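Here you get one chain, nothing else, as C-alpha cells; it is the form predicted alone.
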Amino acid sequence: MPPSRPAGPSRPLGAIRYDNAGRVVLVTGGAQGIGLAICRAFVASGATVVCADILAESSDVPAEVKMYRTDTGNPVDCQAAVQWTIDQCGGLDVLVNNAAIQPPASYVPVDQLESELAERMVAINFMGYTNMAKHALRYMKQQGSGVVVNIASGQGDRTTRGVPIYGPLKAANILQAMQWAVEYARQGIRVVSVSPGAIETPLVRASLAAQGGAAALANRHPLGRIGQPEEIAAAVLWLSSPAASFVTGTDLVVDGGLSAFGAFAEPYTPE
C-alpha cells in the first residue's frame, strides 16, 4: 500500500513508486483536476496514457499523454474513445471513469432543479461511466484481465441540503463498481471506486464558492485541510496495481477523515 501521509501539506507523488511500464490507461476527464493528477501519475509510473476529455487540448496535460476529444455524455463518443485507445495503443489495461460535472446551478432543492441540467448530469455522471465501462469490459473480457476505477464522491454515501442530483449519481457510481466487480471477477477483471472528499480542483472551488467558501469546510476535516488531487491519484495507482490484487467490489474513501464525524458537510440546522 502507499505509505501513510502525515497531517499537513501532502508530500509529492514522486514518493510513491509503481511500475506501469507496458500498461495502457484510459482516463476520462483527464484535462484538469483529479483526472489530470491521475494522468500525470500514470505517466510518471511508465504507463501509456490516453486522456478522453471534452477539451481537445490542454497545456497542463503532459506531452506524453495522448488526447482524444470525448463527450462522455454521448454514447457514440464513449465507444469511439475506447476503440481508439485499443487501436492506437495496442490494448487497454485500466479504465478510470472520472469525467463528471457539478454545476453551481445544480445546488438547489429538487423542486427547483432544471430538468435539462439534471438530464445532462445523468448523461455524463452515470451513463458516461456505464458506456465507457461497457466497451472497455468487452475488451478486458477477451484479454482476461483489467481494472476499472470509478471516481465517485463522499456525497455518494452522505448528503447535505441543496444537492439533489450529484450525490445520488455518485452513489450510483459506487454501486456500479460493486455490480461490475461481481459480474466480471471470474474473468480476471477488478472493479473498484474511490470516493474523494473535498479536493482542491476547479469543480470543488466552484461548488464551495456557491456554498460560502472553503475555510469552514477545511476546518471540519480531522487533518485540518482539504485534499490535493495527487492524493486521489495515489489511491488510484494503488488500486489499479498488482499490490491491490485481492481488492475488488469496494469503495475507498479518501476524505481526510471528514466522514468519520458522521456527516459529509454542515450539520443540519432546521430553519
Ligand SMILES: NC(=O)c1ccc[n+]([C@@H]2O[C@H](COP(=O)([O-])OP(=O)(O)OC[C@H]3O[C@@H](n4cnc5c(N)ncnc54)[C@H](O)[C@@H]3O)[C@@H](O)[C@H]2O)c1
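Since we're looking at a predicted model, the values are computed, not measured. We number the residues from 1 along the sequence you see.
Absent from the display: the form predicted in complex with this ligand. The rest refers to it.
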property	result
In the model of the complex, residue 101 touching this ligand (heavy atom, 4.5 Å)	yes
In the model of the complex, residue 222 touching this ligand (heavy atom, 4.5 Å)	no
Contact test in the model of the complex: residue 71 vs this ligand, heavy atoms, 4.5 Å	yes
Partner proximity in the model of the complex: residue 31 to this ligand, non-hydrogen atom cutoff 4.5 Å	yes
Heavy atom within 4.5 Å of this ligand in the model of the complex - the one residue of 92, 124, 137, 163 that qualifies	124
Partner-contacting position among 44, 218, 55, 244 - heavy atom within 4.5 Å of this ligand in the model of the complex	55
In the model of the complex, segment of 111-119, 138-146, 82-90, 194-202 with a heavy atom within 4.5 Å of this ligand	194-202
Contact at 129, 153 and 170 by this ligand in the model of the complex, all three, heavy atom at most 4.5 Å	yes
